[in-house]
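Presented as structure tokens, the chain that follows is alone, the form predicted alone.
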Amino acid sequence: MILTIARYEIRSMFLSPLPWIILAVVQILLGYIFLAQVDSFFILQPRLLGLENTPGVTDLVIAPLFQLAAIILLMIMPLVTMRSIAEEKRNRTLTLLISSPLNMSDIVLGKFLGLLLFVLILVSLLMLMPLSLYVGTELDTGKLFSIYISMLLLLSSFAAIGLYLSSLTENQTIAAVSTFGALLMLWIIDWAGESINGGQSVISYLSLLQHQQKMMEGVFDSSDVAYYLLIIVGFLVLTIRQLDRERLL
């Protein structure tokens, strides 16, 4: 049933023009930035040849590109997640799902898996840009893999948070704005942490992008992966509990 709900979710998602527009806009915007960074790298490359331990194209082009992509997608992902459950509430179809013999866990996991498929498509399309550089240069494969995994984990966290906030309202605009506010808070909370104990505080540890930054640098730490998995599982559990509460009402 989870796969059935996921297939329905991704199919209904792409029946709307919004996902297509998001994919197109993100590709065009980041594609332009990617080409500009490659051009800047070619200009800078002669100066780097005489230096030792110089950063390569992965550090100077790909990592900054995906750091910028993370910020852009922080603003875009709420538009993807806002309809997940809020639209079901508005159309009164959530009542049918809740009253069906389906388990609430199956419903939430199916919807999350649908969002995860969209995330996978989005990140894989973005990865085509750095992979195209294999034609003319060598890349740090390990760091490239770490960047890919970090984007999947980050956007999956965005999706889990957005899914929960979408379950709290039937208004898609409220769901989108509240998701953006929550994601932005988990981003700028790192600034507050830097002013406390040299940035080593618990507040700083809660930052989504701080953990992603390490993986962008090629530092694949299991604690960062565990952090994202806890965020994902935690908000999925909250979503399940929210729908269970509505079933009892």
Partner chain sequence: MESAALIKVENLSRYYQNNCAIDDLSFTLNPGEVLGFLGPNGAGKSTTMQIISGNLAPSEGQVSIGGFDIIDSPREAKQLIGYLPEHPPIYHQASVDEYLKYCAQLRRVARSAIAGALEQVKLDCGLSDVGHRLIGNLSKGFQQRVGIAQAIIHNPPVVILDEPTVGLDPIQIREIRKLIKSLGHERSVILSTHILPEVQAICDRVQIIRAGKLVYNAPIEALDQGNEQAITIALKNPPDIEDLRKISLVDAVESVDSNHFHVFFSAESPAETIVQQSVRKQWGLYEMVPRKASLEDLFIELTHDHEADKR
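On a predicted model such as this, the values are computed, not experimentally measured, just so you know. Positions refer to the first chain, counted from 1.
One more form of this protein should be noted, the form predicted together with its partner chain, which is absent from this view; the next part is about it.
Novice: Ile98, Ile149, Ile76, Leu133: which sits within 4.5 Å of its partner chain in the predicted bound form by any heavy atom?
Specialist: Of the listed residues, the single hit is Ile98.
Novice: Looking at Leu168, Leu102, Ile121, Val177 here, can you tell me which has any non-hydrogen atom within 4.5 angstroms of its partner chain in the predicted bound form?
Specialist: Going through each option in turn, the one that passes is Leu102.
Novice: Within 4.5 Å, heavy atoms only: does Asp106 come near its partner chain in the predicted bound form?
Specialist: Flag for Asp106 set to yes.
Novice: Using the partner position in the predicted bound form, report whether Thr93 sits within 4.5 Å of its partner chain, counting heavy atoms only.
Specialist: Output for Thr93 is yes: heavy atoms within 4.5 Å of its partner chain.
Novice: Quick check on Ala226: any heavy atom within 4.5 Å of its partner chain in the predicted bound form?
Specialist: Close contact is absent here: in the predicted bound form, Ala226 is far from its partner chain, nothing within 4.5 Å, heavy atoms only.
Novice: Answer for Leu15 alone: is it within 4.5 Å of its partner chain in the predicted bound form, judged on heavy atom distances?
Specialist: Although its partner chain is absent here, Leu15 would touch it in the predicted bound form, with heavy atoms inside 4.5 Å.
Novice: Tell me whether Thr4, Glu88 and Leu248, taken together, all sit within 4.5 Å of its partner chain in the predicted bound form, counting heavy atoms only.
Specialist: Affirmative, all three are within 4.5 Å.
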